[in-house]
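Given next, in structure tokens, is a single chain: the form predicted alone.
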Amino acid sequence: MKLVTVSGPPSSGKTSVILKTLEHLQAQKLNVGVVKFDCLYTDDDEIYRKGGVPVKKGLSGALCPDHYFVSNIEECVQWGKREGLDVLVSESAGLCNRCSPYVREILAVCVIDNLSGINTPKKIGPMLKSADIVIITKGDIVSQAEREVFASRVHRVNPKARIMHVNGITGQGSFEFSTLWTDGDEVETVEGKKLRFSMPAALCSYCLGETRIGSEFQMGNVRKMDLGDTSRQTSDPMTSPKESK
């Protein structure tokens, strides 16, 4: 079974691109499936079912999406094997533009759209910088010059990635994209494999349910802005160094 991890900002067109790409694999009589990771709500699983694609949905709720992903991806791989899938796609939304659900030796895809803003590539972290393939969507809405400038900004952030343009509505570009999904090694398990980038650091009082505001209620992994006030320095040994912004 091949495993493909797809991530990207919300509403960038991930689901539409995946569906159009899977249609080409289904036409080749390959068994395909999707695991959809999200935070609070998604109905994308219904869209996949309507397309005849087996799907499982997982909502992280109050947990960090990256932590939720890495805690469940092995079970998802085993589900795909039980279903007899040839290709399993993991889709997750990088809600904070920091998420990095990529595993070493597993094809990593980031979907980003032309309408997100010319500086958006610089605002996205490992989700874009460590991807093997970057799919740019909604190119039919902007001019050729705008498409070229945006693609150039993406290339600056991740010069090693293959950049492709795919239309999630018409499917233009999805066939070429689908040919890359069957490359690579078969995946029996991801047990013992490593993430390409560390997950966001988060272990503070607010992670544990604290709702009160103020330094006396802030414990654990806390990072402060340098606003020129040195009168109050944290003495918590677990607190990270102050960050200048």
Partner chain sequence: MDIRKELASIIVGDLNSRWPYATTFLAKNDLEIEDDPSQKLSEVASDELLDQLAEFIIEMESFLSDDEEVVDEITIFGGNCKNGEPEGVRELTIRVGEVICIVGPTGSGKSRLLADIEWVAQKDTPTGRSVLINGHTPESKWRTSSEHKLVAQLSQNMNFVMDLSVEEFLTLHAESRQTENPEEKIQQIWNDANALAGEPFDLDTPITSLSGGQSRALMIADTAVLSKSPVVLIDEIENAGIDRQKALDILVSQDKIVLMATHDPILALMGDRRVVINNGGMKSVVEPSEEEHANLVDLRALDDRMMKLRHRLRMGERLDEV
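Residue numbers count along the first chain shown, from 1. Keep in mind that what you see is a predicted model, and the values were worked out from it rather than measured.
What comes next is about the form predicted in complex with its partner chain, which does not appear here.
Screening V87, L107, C76, L115 for any heavy atom within 4.5 Å of its partner chain in the model of the complex leaves a single hit, L115. The three marked residues, Y41, D43 and S71, fail to reach its partner chain in the model of the complex, with no heavy atom of any inside 4.5 Å. Among residues of the shown chain, H165 is one whose heavy atoms approach its partner chain to within 4.5 Å in the model of the complex. Its partner chain in the model of the complex is not approached by S215, whose heavy atoms all lie more than 4.5 angstroms from it. Of the heavy atoms in V142, some are within 4.5 Å of its partner chain in the model of the complex.
Its partner chain is not drawn, but in the model of the complex it has no heavy atom within 4.5 Å of E210. Here the chain stands by itself, but in the model of the complex one stretch of 33-41, 172-180, 189-197, 51-59, 172-180, has heavy atoms within 4.5 Å of its partner chain. Scanning 133-158 for heavy atoms within 4.5 Å of its partner chain in the model of the complex gives G139, D140, I141, V142, S143, Q144, A145, E146, R147, E148, V149, S152, R153, H155, R156 in sequence order.
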